[in-house]
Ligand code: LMR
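Read the single chain below, which is given as structure tokens and is the form predicted alone.
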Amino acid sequence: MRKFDFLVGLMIVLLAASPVCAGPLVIKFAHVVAVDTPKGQAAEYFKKLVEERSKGEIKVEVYPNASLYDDRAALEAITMNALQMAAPSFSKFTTFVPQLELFDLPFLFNDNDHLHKVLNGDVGQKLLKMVEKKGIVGMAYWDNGFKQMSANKPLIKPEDAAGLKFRIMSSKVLEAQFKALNANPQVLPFSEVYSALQQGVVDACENPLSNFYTQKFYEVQKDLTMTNHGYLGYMVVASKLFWKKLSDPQRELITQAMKESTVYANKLAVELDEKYLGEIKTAGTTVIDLTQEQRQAWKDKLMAIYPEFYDSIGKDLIEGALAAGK
């Protein structure tokens, strides 16, 4: 009997150790936007690179449109390794890394060149490392472009926003931004924005062009103002528990695929902005281009909130980001 038990035990050990039975390593990657956005396409590109280069030994399951988790739930799942990767917007990290609200500040970046000097420089890399203390590995920044404001009335002067209910992500900076315009900020999950606009729960919102178009907000918003007032990007993160279990070659493969996917994502963000702007105009939304003087009026009004965040974000980070554009 003892010999039989020993043989059974030995078979179990050998089967558990057998690479044939192990199956592929599975990475669940969740995000909340459509597949045809820069983030959605970059996630699919990352999946393609990883699966091809690992020859099927690593499988990436991508879950778009909050089909597995919304961003906030995704971060909780990441810390427990119930989810291996996600790409939430910066505002979802700010409860435990308030410095990331830096990226919500209005008119912080002059253009894409300025933005990437910050992301790839000391400020951006310092912020990327801050999330690691929370059981999360910060891997990369993915762009979704600059935000524009939309409503069912023309927004030309800052005063035009007064009294409107604006949907925002959960962010003290975004709340202060719209209060500075005498508007009413309303926190809502991204998946609920279309119906909220349709039903009048909110009147207006801010979005990059890719989100505005792919979520069909043009059906419920008549006017879009090209303010370019804020940046919407994402931090791609991985579970620290998952990351530690990988072999060095696996980590190297995933890291390289992420670097290439980041270049792809950020190039695509620029290209899709141009494409979707044309589609939005074709769909019938009135697109308003501000003059330099009109944009400066918005800038003066909104940048006045910066001192409120010197303590929580860090005056040094804010000034470092601004200096990169000079």
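As the structure is a prediction and not an experimental result, all values here were calculated from the model. Numbers follow the displayed sequence, beginning with 1.
The same protein also exists as the form predicted together with ligand LMR; that form is not shown, yet it is the one meant from here on.
K.L.:
Given that ligand LMR is not shown alongside this chain, does Lys92 nevertheless sit within 4.5 Å of it in the predicted complex, heavy atom to heavy atom?
P.N.:
Flag for Lys92 set to yes.
K.L.:
My question is simply whether Trp243 lines the interface with ligand LMR in the predicted complex - judged by any non-hydrogen atom within 4.5 Å.
P.N.:
Heavy-atom contact with ligand LMR at 4.5 Å: absent for Trp243.
K.L.:
Applying a 4.5 Å heavy atom distance criterion, does Tyr234 contact ligand LMR in the predicted complex?
P.N.:
Tyr234: contacts ligand LMR in the predicted complex.
K.L.:
In the predicted complex, is there a heavy atom of ligand LMR that lies within 4.5 Å of any heavy atom of Ala176, even though the partner is absent here?
P.N.:
Judged by the heavy-atom cut-off of 4.5 Å, Ala176 is well away from ligand LMR in the predicted complex.
K.L.:
Please determine, with the chain shown alone, which of 265-273, 279-287, 55-63, 27-35 has non-hydrogen atoms within 4.5 Å of ligand LMR in the predicted complex.
P.N.:
Of the stretches listed, the one contacting the partner is 27-35.
K.L.:
To verify the annotation, which of these, Val137, Leu108, Met169, Ala74, has a non-hydrogen atom within 4.5 Å of ligand LMR in the predicted complex?
P.N.:
Flagged contact: Met169.
K.L.:
Using a 4.5 Å cut on heavy atoms, which of Gln221, Asn211, Thr225, Gln84 is close to ligand LMR in the predicted complex?
P.N.:
Contact check passes for Asn211.
K.L.:
If you look in the predicted complex, which residues in 110-146 sit within 4.5 Å of ligand LMR (heavy atoms)?
P.N.:
Stretch hits: a single one, Asn144.
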